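Next comes just one chain, in structure tokens: the form predicted alone.
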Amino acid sequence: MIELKEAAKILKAAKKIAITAHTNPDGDAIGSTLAMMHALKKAGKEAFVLIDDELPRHLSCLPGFNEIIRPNETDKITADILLVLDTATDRIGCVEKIVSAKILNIDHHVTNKGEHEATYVDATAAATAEIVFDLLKLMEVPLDIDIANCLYLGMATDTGFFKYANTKSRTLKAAADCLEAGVRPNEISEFTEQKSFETVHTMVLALNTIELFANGRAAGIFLDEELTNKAETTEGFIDQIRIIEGVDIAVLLKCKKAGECRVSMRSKGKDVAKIAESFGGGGHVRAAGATLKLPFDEAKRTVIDAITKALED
């Protein structure tokens, strides 16, 4: 593990930086990577973002979104640094294999054990975007509107727009600086929350799959391949069930393709990061996820059993 000032030193010395984040990217992953891309370019570096997955359309309001590259497994890319944000390197898909570079890993997930020497993890940060905010100060790169919009969205989405327990005073101070740089919170929230008619209709169908289990202490939405593919995004689906009275753990399971399912969990108290780790995933105490290489029905049974056991312990 390294200190953040050492990460700043590594980036200041590099000329060409490839930036990536986890598959199934969320607002923090996209916001952090794009903020770093803009900042590094501003500092005179060659910088670009690689994400080995589909990009969520509700984040397309971010400046630079259309510059994100989805790589192929046959690509060969050289750089001075591969900057991995918001995840450990085991969740970046093919990027680690195709990019020849020294790895710098910056993350806020407690499940990141620091496999690479140049790893910085701050599990007290509400979002990786919050760490990037601090990093840019050390690199003496001032905020502009593009950087600020990306950082603000990263922090806002990882804190439920500043209502989750991970919201700290430092988070709000960083967000305030982003507003000083010109960010308009209403525009970001309105864009990221809007959904197509098809997605809203699919949400209605998804809510019909709600199941309570573990004596009412857990609730799940379980989307088979057909329902998953009807929705352009499932962003916000899990929030519809985490508010159910008596529920500690809310879970969303979606089947992206035959034999592969993705699970997201939210908790009011129980450590769901440990559950996600048992599936090869990770995250935070109150928000975690994983990919299961299992058929839908088997994945559903596995997730329900694991959550039930965790709540019984």
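Note that residue numbering begins at 1 and tracks the sequence as displayed. Computed from a predicted structure; not experimentally measured.
Although not depicted, the form predicted together with a small molecule is the subject of the following passage.
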Q. Where does the small molecule sit in the predicted bound form: which of 256 to 264, 49 to 57, 31 to 39, 64 to 72, heavy atoms within 4.5 Å?
A. 256 to 264
Q.
Residue-level contact is defined here as any heavy atom of the residue lying within 4.5 Å of the small molecule in the predicted bound form; does Ala290 satisfy this criterion?
A. yes
Q. At the 4.5 Å heavy atom threshold, is Gly27 in contact with the small molecule in the predicted bound form?
A. no
